[in-house]
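First, one chain by itself in structure tokens, the form predicted on its own.
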């Protein structure tokens, strides 16, 4: 055995940073085994072993900057192997080069990219909006098109920064997975794209996947054992795939590759992680709460099972997340809306002349906007770290709409700047869009506060669930005629029940009580809104 210094080969750029060391002292390696992974401003690439041998010492560590010719490691090789290598002409020495994907990236400052429809869960989904046109300069994650299926509305984002050269779809087209959307010039190298070219003959195909559990915390998962690293370096996958696997803490040996020769693609890793995260745990909900046991209800009679719509499933998860994470308190109050209702009914002729429908909701919106300005604690959100409260200088209010597919909450923007007629028209328009599944994502985002009205259905009070990250939601029940003492006698008055649920971390009980009391005063005499 003799020791040989292995050096960094031509990496196609001035220098690069070591982001992973794949071997350690004492490891027995073979030709083409990955030694280190480098990341430059153009590409991520693996440096393979030029020959078989045993690692004596690794001369680099994660974070080092290296360039061509720098010492990489000391390798103990067989005497015969070293002599045969030395006797070969220099021109025939094997050069350690980056994989095809890295080479392609390193030699191009910008490339033409085709952007296609990702996995959207169904086929023949209609395009309801095209957000870009030829000549547009866009950033990664900017919306290209909006699709509407029978289950949801979704945006398709751009995977690259760059310039749009051609748009291949229009509104009304129906698309499925892999259909072409746009052609663009990527302004930055697409270092994260995997290649479909044939792998080197020395690489071994990945072993079939077996069920496993992803580590609960990414930080813990990234601290993988030496045994896992040794196994992963022989997996048939490119550097970008290995990088995303490290970020998610995924053992590549558990994934079945879908590329040529069972090569693992980035999409395979993403699908694996998505599957594991969506799979229910057997013992609990993930928060230490035992799951409900499975019950065979058919033992006691006939049953019928119907699948929940995707909208109801998503809403259910959101409700559970809010209920488990937000300490809910509900403040109950009531408001005398006799004069308000008299005024509203007096405007019926004017509403018909305008082609509008003046319901009590616009009055509720206007009064809530006024109250939120006066008591801003309820127009806020907590920071993710729970150490700051974020006050919003705008008033956007969501209105819960019951649809056949489930609950939707369109958001009316800048309520405080709009009049009653404008709010009335917008309420009707957004409610219609919600029931016809025509809401755009932007029309359901940006809320500061939510109103859930069950007045047309019935009930005296209820506890609405806070629509986190908002900190409060107002529930409105059915108004009822009640006798109220005016100082001389009882007289019939129209009384509206109010139920304010709030996040007790951000809102104190006194603030919530002041809010409902102030709101009650505004609704009992809407002239207060003019003050």
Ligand code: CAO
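Residue numbers count along the first chain shown, from 1. This is a predicted model, so every value here is computed, not measured.
Keep in mind that the form predicted in complex with oxidized coenzyme A is not shown, yet the notes after this line are about it.
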> Looking at 356, 359, 131, 74, which is the one with a non-hydrogen atom within 4.5 Å of oxidized coenzyme A in the predicted complex?
Replying inline: 359
>> To verify the annotation, which of these, 496, 506, 37, 466, has a non-hydrogen atom within 4.5 Å of oxidized coenzyme A in the predicted complex?
In response: 496
> In terms of non-hydrogen atoms within 4.5 angstroms, which of the given stretches 135-143, 411-419, 326-334, 396-404 touches oxidized coenzyme A in the predicted complex?
Replying inline: 396-404
> Can all three of 517, 520 and 528 be found with a heavy atom no more than 4.5 Å from oxidized coenzyme A in the predicted complex?
Replying inline: no
> Heavy atom to heavy atom, is residue 478 within 4.5 Å of oxidized coenzyme A in the predicted complex?
Replying inline: yes
> Wondering, does residue 438 line up within 4.5 Å of oxidized coenzyme A in the predicted complex on heavy atoms?
Replying inline: no
> Heavy atom to heavy atom, is residue 373 within 4.5 Å of oxidized coenzyme A in the predicted complex?
Replying inline: no
>> So, residue 274 and oxidized coenzyme A: in the predicted complex, are they within 4.5 Å at any heavy atom pair?
In response: no
> Taking oxidized coenzyme A in the predicted complex, which residues along 446-476 bring a heavy atom to within 4.5 Å of it?
Replying inline: 452, 453, 454, 455, 456, 476
